[in-house]
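Heads up, the chain below is alone and in the form predicted on its own; it's given as structure tokens.
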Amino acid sequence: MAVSKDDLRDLFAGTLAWDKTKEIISGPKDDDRFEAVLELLQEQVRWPERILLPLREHLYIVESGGSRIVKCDCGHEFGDWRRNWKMSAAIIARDDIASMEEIYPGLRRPDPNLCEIREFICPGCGVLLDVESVPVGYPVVFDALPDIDVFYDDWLGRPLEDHQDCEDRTAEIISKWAKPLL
């Protein structure tokens, strides 16, 4: 089913009528849907780097100077796509009664002895990018590490110029925080 660029734009803006939205979501996808979405997303950002993959609302994996990085709508760069972008975000950790009461007042409030709520915010524009509710002390969740080369090679049939191994490199960030034992 071919979807017009205007319908895609309205779909992403949340202004498309529900019946049309349901038809697009439920119907078979046209062969060039991914390219159409990338084109639309590229038009909406103010920076020139090529979007390879939308990661989530406001975040993209882009080509930048021979590397692949995670980038926000505003242009803030979170670094290598294989490192958990959340580790480079501004983080609000709601781990006490007062801070939890701000969003969950009264009986709806979780017990801060059992869980904490983490809000991940773009340091460049202040947009809320993600929220985690996890047990106290739980590591920061790495939501997605897509194998971009396999996707482009096997699914799209358009290999990217430089292959990059898909491996979690988040420990590189954490190791910089560690103090030497001596």
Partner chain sequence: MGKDASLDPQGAQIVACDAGGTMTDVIVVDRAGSFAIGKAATTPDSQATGFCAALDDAFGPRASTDPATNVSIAGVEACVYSGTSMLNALLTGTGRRVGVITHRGEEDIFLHQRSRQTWAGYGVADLLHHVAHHRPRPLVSRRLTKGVTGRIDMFGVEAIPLYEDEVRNAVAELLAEDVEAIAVCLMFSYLNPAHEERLAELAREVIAGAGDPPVTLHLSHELAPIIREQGRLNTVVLHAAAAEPCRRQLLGIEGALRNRDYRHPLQVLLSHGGVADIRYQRLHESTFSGPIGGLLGARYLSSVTGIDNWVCADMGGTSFDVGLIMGGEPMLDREVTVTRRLFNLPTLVMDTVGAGMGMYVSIDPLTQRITLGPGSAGAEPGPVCYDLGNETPTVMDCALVTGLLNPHNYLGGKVELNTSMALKALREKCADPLGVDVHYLAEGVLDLVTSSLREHIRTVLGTRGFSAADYSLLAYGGAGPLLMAGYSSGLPFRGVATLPSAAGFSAFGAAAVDLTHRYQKSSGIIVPDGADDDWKVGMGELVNLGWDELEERARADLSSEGLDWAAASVQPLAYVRYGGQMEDLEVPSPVPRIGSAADMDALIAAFEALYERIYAEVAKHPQAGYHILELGLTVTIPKVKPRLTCHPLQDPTPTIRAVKGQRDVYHGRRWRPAPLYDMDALQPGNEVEGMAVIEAPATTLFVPPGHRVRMDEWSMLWLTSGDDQQ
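Note that this is a predicted model, so its numbers are computed, not measured. Numbering follows the first chain given and starts at 1.
Quick note: we don't show the form predicted in complex with its partner chain, though the next part is all about it.
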- Item | its partner chain contact at K22 in the predicted complex, heavy atom, 4.5 Å | yes
Problem - its partner chain contact at S26 in the predicted complex, heavy atom, 4.5 Å - result: yes
Item to check | D31: touches its partner chain in the predicted complex, heavy atom cutoff 4.5 angstroms | outcome: yes
